[in-house]
Ligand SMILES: Cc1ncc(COP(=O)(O)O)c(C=O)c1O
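Presented as structure tokens, the chain that follows is alone, the form predicted alone.
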Amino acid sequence: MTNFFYPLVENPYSDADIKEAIKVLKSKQLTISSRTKNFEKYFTKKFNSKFSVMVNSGSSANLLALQCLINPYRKNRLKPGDEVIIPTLCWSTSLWPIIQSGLTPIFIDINQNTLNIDENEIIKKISKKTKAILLVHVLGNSCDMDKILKIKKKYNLILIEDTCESIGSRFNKKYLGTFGEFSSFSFYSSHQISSGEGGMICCKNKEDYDIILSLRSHGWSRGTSFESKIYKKNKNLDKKFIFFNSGYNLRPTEISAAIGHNQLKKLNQFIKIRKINRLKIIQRIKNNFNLKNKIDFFYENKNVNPSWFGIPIKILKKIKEKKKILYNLEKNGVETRPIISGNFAKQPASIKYKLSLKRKFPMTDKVYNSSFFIGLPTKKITDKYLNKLVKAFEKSI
């Protein structure tokens, strides 16, 4: 079914966004150039980051973070078999870069109330091989970052923040994505801001920044602080085409940078409208007599000022009725989806690659079996639209 009156995401682009894209087209400079650089600078300033590098997706940002950690040009690099802690409630490309980098993922259960990693479970799984934690900030919420930072400090761990679903969220007034050595952001069309496809990776020191720049673009020395140093040792080579590192081509286009930059300027406005819409929907559903004690909602963790991605919902009726409820909602025009991808340890890919151990993750399973989420519009919703949504829930549950 595709005819949803309440889709997961509406068309996120304004006329102003399209005008910026047209300017790029008219300039005929479509490949990475000054627009991308300007967006990176604006992003760095907006989030008080140290270094920001735009890439073609949030998934690529995660890949670069892990590849940087094992890179031979990094002084303190991770070694094959080193362990990286990750929540079971994650996206595939939060997980796979760990494995693709020769590292070992250690799954940790979640806190069923915040949907984020359970800080208390982390400590139980730390070993001598544990070198990093990869957090996934879920749907605009986060775990207790104070506890995470204490664990990080005590065990001397590297922190990677997958902030793809939570751009603009803050913990204790500090933006998520600024706590760790690395952080990733996504500008996919369903996220808080969009550039069509695109993402950003942030890091905290120049060494990592230069490695990431080289990895993003073929392993070139061009544009990095390695450039002159490498050339001095290789003067027989063309300075513009010296490849000193492994690499990919994960660069964005100027069109994506132009749209993303324009949308980021409106992020605070988007966050405000989403909060208003979310509150209206929750209040109307909770006050509806026919829906009372049938469904409930997830709320932000303590000290979190969220930038909501969607509206996660928990079913209070019997778990076995979830499939029927989702079928009815979609039949009545409301698009639904699981929260991220559920317990990733149970996905066929995890089983195929023998990542799914015999350990159980009861909280992640509980969330998957009794929860789902719906979209959250960035434009102000009308009472008529809200009434239609509530009626769809009344018919479905």
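The structure displayed is predicted, hence computed values, not measured ones. Numbering starts at 1 and follows the sequence shown.
Note that the form predicted in complex with this ligand isn't included here; everything after this is about it.
By the criterion of a heavy atom within 4.5 Å, residue 191 is counted among the residues contacting this ligand in the model of the complex. The shortest heavy atom separation between residue 57 and this ligand in the model of the complex is within 4.5 Å. The closest non-hydrogen atom of residue 110 lies beyond 4.5 Å of this ligand in the model of the complex.
Interface membership of residue 62, defined by any non-hydrogen atom within 4.5 Å of this ligand in the model of the complex, is confirmed. For the options 180, 97, 168, 198, the residue carrying a heavy atom within 4.5 angstroms of this ligand in the model of the complex is 198. Contact annotation: of the candidates 122, 212, 164, 203, the single residue with a non-hydrogen atom within 4.5 angstroms of this ligand in the model of the complex is 164.
Shown alone, this chain has one stretch from 227-235, 299-307, 99-107, 181-189 that lies within 4.5 Å of this ligand in the model of the complex by heavy atoms: 181-189. Along 90-129, these residues reach a heavy atom to within 4.5 Å of this ligand in the model of the complex: 91, 93, 94.
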